[in-house]
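Here we start with a single chain on its own, the form predicted on its own, put down as structure tokens.
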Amino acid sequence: MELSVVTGDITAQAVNAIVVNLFEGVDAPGGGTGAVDTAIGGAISSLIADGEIKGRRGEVTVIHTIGDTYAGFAPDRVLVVGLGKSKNFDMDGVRSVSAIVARRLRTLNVESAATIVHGSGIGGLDPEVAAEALAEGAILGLYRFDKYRTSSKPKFDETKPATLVLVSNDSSKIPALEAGVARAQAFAGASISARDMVSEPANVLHPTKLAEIATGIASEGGMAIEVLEKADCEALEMGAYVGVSLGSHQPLKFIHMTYEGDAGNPDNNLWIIGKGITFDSGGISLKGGAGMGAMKGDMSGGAAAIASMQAIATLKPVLNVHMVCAATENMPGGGAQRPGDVVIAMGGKSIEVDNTDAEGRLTLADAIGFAKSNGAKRIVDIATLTGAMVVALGMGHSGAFSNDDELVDQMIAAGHTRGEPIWRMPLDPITKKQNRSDIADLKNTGGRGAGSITAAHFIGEFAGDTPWVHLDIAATNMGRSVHDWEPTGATGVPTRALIQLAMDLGS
């Protein structure tokens, strides 16, 4: 979909449909909605009076204006979208209604549409912020992954709407609106890249393919990238990571991408580390067969980390950002590591492998070790780490664990800005003891109780005193149904929150 911004009258746009809005409880529409109401003979006011239009959030009313019904009125349809109560309206509200409207335009087979900027008038939002949220919601809301469908056609034309024009009657606002749309395209484009990676089947997106995608993003963004092979990782003594890879025929790929936004100050850095298990069978500690196909998404953290660099290279924060994804499969081959094995992580810590299905934290241990050995000053790791996170928080929030109040607060704030909620979880000394091993420095599981917390404690052993946040996205990486701007399937969470964090730190 092509997005653009123009100065003009919303009623005069030569498009198939125009979109206006209404807050709940408004009896007499004003602004752009009022202008459209006048142009179509008070039809909106009549429907409000009849109770058909209530202004509830997400409510969409279609008014047909085809032919010569209203002299001089070009659009064939007017869509009135409800914004809900004005006191509760925010960027998420704009994203939500924009996504809902975009999908409705598609079901109506609309080729071209124009819209006023929701929330920028009576809604009280900054016009640039409102335009950004509108564009972001529309792009993300139209997302579908159906590249492998050949025998059945989708219900609606996936190419529509082809164009969406944001209209303002105030020419002084146009630069701000254009800036908001451009920023939205960077954020949403990165999130879609992450969704695409997670949605691919594991026979297509294996570690080698993931490295190829990362290399393409690095090349397009002018960033440095290195991809370490198994021998390189063994030379660096990454025994925890290499151990996970031993059961797979697919070679591991340790991906390190670098954006230099403050080259003269190398300590001004953020390391984004994503779990990159492109398929997780559980290894020798084999998972049950039901639902195992979803484990193609166990690289969602890695996808978010890689995709975030796409937007960071475009938006250019004054910050050095390093991305690491230690990619591999976790398979039960003849060479696979076994429960009871002991591996040595980079830096020398010994780990008893109590359960081979607790593999992600092993790969992250060496990824963090690599980051620290290369001067990491802030670390954020992202992983679909524990089913216990789903039990703890449900599907609404990613869990955050941290050794640094300032960094975790910044991460939570970034998630709030982008509509990717994050909730801080505790790291207490009692649960930390559950990772004790009788034969090694620690073991890779702490038992059933507090599973997300013990997993975070394990990773924290390798972060040490470096400011660090661990995001467990096992509850938020996949959606069960279309919700606002998130689709069924891969959500792309927390790609946009990571980008926002980098922008906040590098502003």
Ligand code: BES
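Computed from a predicted model, the values in this text were never measured in an experiment. In case it trips you up, residue 1 is the first one in the sequence shown, and so on.
Omitted here: the form predicted in complex with this ligand. The next part is about that form.
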Could you tell me which one of Asp357, Glu237, Asp76, Asp90 places a heavy atom within 4.5 Å of this ligand in the model of the complex? Asp357
Listed residue that, although this ligand is not shown, lies within 4.5 Å of it in the model of the complex (heavy atoms), from Gly396, Gly375, Gly387, Gly222: Gly387
Tell me the stretch among 307-315, 113-121, 388-396, 428-436 that has any heavy atom within 4.5 angstroms of this ligand in the model of the complex. 388-396
At 4.5 Å between heavy atoms, is Met292 in contact with this ligand in the model of the complex? no
Taking heavy atoms only, is Glu132 within 4.5 angstroms of this ligand in the model of the complex? no
Looking at the partner-bound form in the model of the complex, is Ala474 within 4.5 Å of this ligand by any heavy atom? yes
Does this ligand get within 4.5 angstroms of any non-hydrogen atom of Lys275 in the model of the complex? yes
Heavy atom of each of Thr215, Lys253 and Glu329 within 4.5 Å of this ligand in the model of the complex: no
Just give me the residues of 284-314, first to last, that have a heavy atom within 4.5 Å of this ligand in the model of the complex. Lys287, Met295, Asp298
